[in-house]
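There is one chain below, alone, in structure tokens, taken in the form predicted on its own.
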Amino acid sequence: MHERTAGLAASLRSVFRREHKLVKAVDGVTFSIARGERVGFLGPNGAGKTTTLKMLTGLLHPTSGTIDVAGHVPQRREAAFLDQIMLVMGQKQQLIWDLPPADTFELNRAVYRVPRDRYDATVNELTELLELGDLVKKPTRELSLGERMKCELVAALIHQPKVLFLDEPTIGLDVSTQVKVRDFIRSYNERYGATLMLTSHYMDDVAALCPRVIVIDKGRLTFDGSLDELVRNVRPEKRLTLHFRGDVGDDALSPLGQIIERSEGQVVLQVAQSELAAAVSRALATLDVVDLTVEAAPLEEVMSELFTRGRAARAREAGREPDEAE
């Protein structure tokens, strides 16, 4: 990548002599995904997620290493390979702005040579699952963001791909539409046995769809396993939420665990897994509890903690103090 400082003098110098910096977008990332799996591919901005997806779909060529997707080498872009995959990017669209989505559906039918009877059955099934109705006949520019995203999914699945790469498919959508899109993706996976690789900064997407997660940071793989295992490894403590009929003082709560949040008639405590049963028993025996819930730490906090540990480890490797890490 080209580097230069700001200012006119630096701009003029860069005309004659450019300084470049080599950045490894993806560094030795190795994993395998079985047919029909739903896997979350997570990492902070700039971690290399989209670069990896583009290599898996053949849009970028790796400078080293090998890739196999459905028995094909992606960068060869063979027709048999392209017929089996689809990449959906929430920040880019394939719908034609001034034409209705139905026209894009027809275009994709022609591109993928989908027989008419199969095309009609697929479109009818997908539009019913996503509750699109006559929206597919309206110009794309008149659709809301959520309606366009639903139509994007239909357009992407016209040829019934067996491998789906979804890059932020619910970005910018309201909560209700996010739920519908998640339900649709899960339904498609179960009906067609499709393999799913999902990147998202919305942890609700990951929790709802992906039993397994792969995490990369600065191009390196930092975790590959079940979502439950990730939470246990990073934040094994539990969140105990108690609801009371009246107010309860800190002196009665502090023996139960660390107070995270409190409001009138409610408190959230952080409790070690080994002490959870005793904390619940003591709360029920000594306090006027009307309701309680036990949950794992929020995924957002788990991921934040994981990335913080990763930055600290890289700083130590480079001989810096952890607080000097990027």
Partner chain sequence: MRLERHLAVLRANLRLSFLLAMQYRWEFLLDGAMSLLWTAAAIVPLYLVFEERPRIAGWTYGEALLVMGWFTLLDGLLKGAINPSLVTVIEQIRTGTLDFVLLKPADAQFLVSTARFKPWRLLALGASIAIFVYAFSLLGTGPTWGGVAQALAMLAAGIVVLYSVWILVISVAFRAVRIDNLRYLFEAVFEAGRWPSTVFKGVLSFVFTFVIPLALMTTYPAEALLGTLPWERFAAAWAGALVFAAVARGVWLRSIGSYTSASS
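Numbering follows the first chain given and starts at 1. This is a predicted model, so every value here is computed, not measured.
The form predicted together with its partner chain is left out here; the points below concern that form.
- Its partner chain in the predicted bound form comes within 4.5 Å of no heavy atom belonging to residue 191.
- Put simply, residue 223 is far from its partner chain in the predicted bound form: not one heavy atom of it is within 4.5 Å.
- Although the partner is absent from this view, residue 98 contacts its partner chain in the predicted bound form, with a non-hydrogen atom inside 4.5 angstroms.
- Although the partner is absent here, residue 82 sits close enough that one of its heavy atoms falls within 4.5 Å of its partner chain in the predicted bound form.
- Stretch 51-59 is the answer when you ask which of 291-299, 51-59, 275-283, 36-44 has residues with heavy atoms within 4.5 Å of its partner chain in the predicted bound form.
- This chain is displayed alone, yet in the predicted bound form one of 127, 195, 170, 108 has a heavy atom within 4.5 Å of its partner chain; that residue is 108.
- Think of it this way: in the predicted bound form, its partner chain has a heavy atom of just one of 157, 248, 143, 87 within 4.5 Å, and the residue is 87.
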